[in-house]
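Listed next as structure tokens is one chain, alone, in the form predicted alone.
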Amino acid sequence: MGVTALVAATGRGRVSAATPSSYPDWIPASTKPPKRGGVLNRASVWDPPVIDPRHTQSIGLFQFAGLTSSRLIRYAFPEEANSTNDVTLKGDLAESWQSNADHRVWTFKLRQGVKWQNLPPLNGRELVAADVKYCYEQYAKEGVQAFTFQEIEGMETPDKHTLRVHLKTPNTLFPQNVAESVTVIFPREVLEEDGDLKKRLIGTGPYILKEHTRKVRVVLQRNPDYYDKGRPYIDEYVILSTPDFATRKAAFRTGQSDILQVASLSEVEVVRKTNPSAVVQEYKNVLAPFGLALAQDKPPFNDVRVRRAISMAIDRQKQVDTVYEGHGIPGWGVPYFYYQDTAPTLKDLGQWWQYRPEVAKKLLAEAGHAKGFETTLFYYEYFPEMTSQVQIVQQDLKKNLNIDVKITKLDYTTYYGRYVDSKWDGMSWGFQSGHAVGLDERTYMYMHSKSTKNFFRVNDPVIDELTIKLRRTPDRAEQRAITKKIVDRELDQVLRMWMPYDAGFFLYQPHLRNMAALALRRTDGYGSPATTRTWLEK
């Protein structure tokens, strides 16, 4: 199917300017007393590749792992936040935390009386500091979180409710790292009994994992022993694996799903024809999670002229206008609120991000590829618009640079494993994991050459130096200045080739309360812990 036909199939057409939305991006918390009970249902695009939190950062797992399990610290829930961009830290298992003068030693005071879920082999015993110490030690040994926790030199537990963490080097941003949604605390007993965490997910969170049938559904049941007494409000949360968008949309329209994400204003209006009372939230993007990932550790993509040429041969504005109906952003990788007050425009991204095919052609010729070359690209269709974007890029590169791109569309699990394990050459429609809220995760963890989360294979000494300097800088104003330098360097060297994006809009059934999404924390995804405060007005 060609691009034109596919765009038509998704109900989109080219428009010349951004389509204004009359829907709010901020839905305040309900002022009514919460109601207990009921079942929350959601048709989900994702399915967890595994349920062992050591081995995946997939949203398929963390759309519910943040509900079965707790972290030391968390980010503000919607009812606690003052805007969608509020990234204030709150205590979860930890009630307080502080560092020593050089930010190498962090001390966490744990909440007392927190119990593991009343399932064997835990049987509701109290969580203590030694549990957190053990869990962090296991994260450091293996898996996708290893790089984060290997910066820990050692840990002490002076008493059963105090954890003292000694880092190898200063890090003013360490609390942010243990607040990320993927740093959930799991129990020693299950890992020791089973040898892994593939079969059971037991934690101290507001919900107990009652059922997990791969590619079918996940069922969560209210944990009566949750430390935050009276919460959660909803008795059961059912997540139905539904990769097809049309099926998810039908499920929402018929009341079988309580939440639906759509990518455009026209799709919102289509759904509202049958569901006029649906509550709509416009999602304001603060970054682009997807981009054209190049095997830049190998020729020809290790040549900055090739990367710049490819970037300039792609018409991003066309994607914004046709695929996202003018509502999307052109694409950048670090949340803008960490270095400036307003979202960048396409012009702000610099010369290598403008659509200039003739300049691109000259650059590629200078790099020794005047006749173009052949390469491959694989992707997973996270949403229908992504296929349109992939095909537009394929056509732009053929037309402007004579680069032949052979496209392969994969299922989610195959795509995720191949991409994250870096088992690919050529191109991928890559992503930066959407879980990250913190500045250290979005810079040092995702871009330092030694990081195992550096999926785009960035290997730049200037980035390495700046990201280390950033995490050693406590002053917020200085952090913003350094972050801007990191972003400018990334754009100049085209280290990660971001593509236009729009998370679009969320539709909620009218009986949902306190379900709104925040920046980088969609309640249907990595922001799932906020569901603890959701309730049903029916």
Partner chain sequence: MYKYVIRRLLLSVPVLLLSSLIVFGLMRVMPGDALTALMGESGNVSAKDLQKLRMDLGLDRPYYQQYGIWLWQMVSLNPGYSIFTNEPIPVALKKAIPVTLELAMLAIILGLTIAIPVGVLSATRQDTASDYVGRVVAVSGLSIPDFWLGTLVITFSAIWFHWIPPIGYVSLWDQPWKNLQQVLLPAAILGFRLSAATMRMTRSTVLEVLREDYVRTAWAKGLAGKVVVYKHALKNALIPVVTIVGGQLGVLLAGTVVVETIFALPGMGRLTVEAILYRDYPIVQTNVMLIAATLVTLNLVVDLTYAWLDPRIRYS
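Since the structure is predicted, the reported quantities are computational estimates derived from the model, not experimental observations. Here the rigid core means the biggest group of C-alpha atoms that line up within 1.5 Å when the two forms are laid on top of each other. Numbering follows the first chain given and starts at 1.
Beyond the structure shown, there is the form predicted together with its partner chain, which is absent from this document and is the topic of what follows.
- The contact residue chosen from 388, 145, 443, 177 relative to its partner chain in the predicted complex is 145, the criterion being a non-hydrogen atom within 4.5 angstroms.
- The partner is absent here; in the predicted complex, the one residue of 352, 136, 339, 431 having a heavy atom within 4.5 Å of its partner chain is 431.
- The partner is not drawn, yet in the predicted complex one stretch among 97 to 105, 456 to 464, 248 to 256, 83 to 91 has residues with heavy atoms inside 4.5 Å of its partner chain: 248 to 256.
- In the predicted complex, its partner chain lies farther than 4.5 Å from every heavy atom of residue 479.
- In the predicted complex, no heavy atom of residue 473 sits within 4.5 Å of its partner chain.
- Put simply, residue 57 is close to its partner chain in the predicted complex: some heavy atom of it is within 4.5 Å.
- Using a 4.5 angstroms limit between non-hydrogen atoms, residue 49 touches its partner chain in the predicted complex.
- Residues of 410 to 429 placing a heavy atom within 4.5 Å of its partner chain in the predicted complex, in sequence order: 411, 412, 413, 414, 416, 417.
- Core-superposed comparison between this form and the one not shown: the Cα of residue 418 travels 2 Å or more.
- When the rigid core is held fixed, the Cα atom of residue 409 travels 2 angstroms or more between this form and the one not shown.
- Taking the rigid core as fixed, one finds a CA shift for residue 179 smaller than 2 Å between this form and the one not shown.
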